[in-house]
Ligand SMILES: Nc1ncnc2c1ncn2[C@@H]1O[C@H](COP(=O)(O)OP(=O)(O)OP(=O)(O)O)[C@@H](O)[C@H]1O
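There is one chain below, alone, in structure tokens, taken in the form predicted alone.
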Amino acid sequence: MAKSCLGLDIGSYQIKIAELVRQGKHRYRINNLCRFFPPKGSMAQDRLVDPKALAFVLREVLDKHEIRTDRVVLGLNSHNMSIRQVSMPRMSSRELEQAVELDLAEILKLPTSQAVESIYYSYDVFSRGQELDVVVVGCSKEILDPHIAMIKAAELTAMVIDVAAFNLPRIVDNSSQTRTCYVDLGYGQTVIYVESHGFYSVYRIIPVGGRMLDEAAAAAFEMDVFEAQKLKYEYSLEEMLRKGTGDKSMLRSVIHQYTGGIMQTLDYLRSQSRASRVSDILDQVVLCGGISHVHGLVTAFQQELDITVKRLNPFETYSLAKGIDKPVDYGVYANSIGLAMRGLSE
């Protein structure tokens, strides 16, 4: 098994890196944490359009922090990825590989104009009773090839390219098999991933993020967006609604979109399970990402969802190398730490 690995989380606003080192069979240390803004023009929404420019800056950041590890797990959360869960009869590994390949277009619901050969795909198998539950992930080569080129240009070796949210359960103690909904509150979007008893349940991206919250706070306090970025960490949501002298309707709308998007997802799971309450199918909602540190957000979600809500703190699980301080907005590194853990398990 590897002794060290990088987790590279490419977000819509910042790129986050975590370096984990194995210290024993079940002990790990965080050796490095860093983040940077992608160079202007290198990203277009969640597409990488200039891999060489990003690779150059990435290499500079790694050298500046004296990171020598070249093994990396790259994580993406993107609308461009297709994720489907299907049930198949029990069969050998070889037979399953052939079955997924044969039925890939149908499984991923590819348009007739898109050839299977244009897709990178992978799958995981979970056994339940007489059938196999198979989670298949596919992404067009047009989307992933620039990321692969960027990794190579930065003189790194990609061990895995994965859905970033799938690795969040790796960084929490879930020995009791808690039924958890992970909510990654990013700057451009919010990712909802539900895992129950170690099994995939749902993955959803909603177009609500910190950018909208900044704009709403700017309107509420009649200031520019740059100033509002700082304000949302100084005031709680309740204080912003109370003290803002401008138009606060946008702020109320953004909060409603957050809670409504999560509630809609959980209600779908509840109806699928024919349960009467969300708490019958879930034990907790865990928040991560930079926006999870906005004061009052945990309380607002708790009141609306009527279920335990807490913020994910990966630094409760891992020790920090000397000279590395725990960031105040520690939730921003959840994905990168989970991805690095994935690499150490390979």
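Note that the coordinates shown come from a computational prediction; the quantities given were computed from them, not determined experimentally. All residue numbers refer to positions in the sequence shown, first residue = 1.
Omitted here: the form predicted together with the ligand. The next part is about that form.
In short, of 277 to 285, 64 to 72, 23 to 31, 293 to 301 it is 293 to 301 that has heavy atoms within 4.5 Å of the ligand in the predicted bound form.
Distance criterion of 4.5 Å from any heavy atom to the ligand in the predicted bound form singles out 188 from the list 146, 188, 169, 244.
In the predicted bound form, the ligand sits within 4.5 Å of a heavy atom of residue 233. The ligand in the predicted bound form comes within 4.5 Å of a heavy atom belonging to residue 332.
Of the heavy atoms in residue 210, some are within 4.5 Å of the ligand in the predicted bound form.
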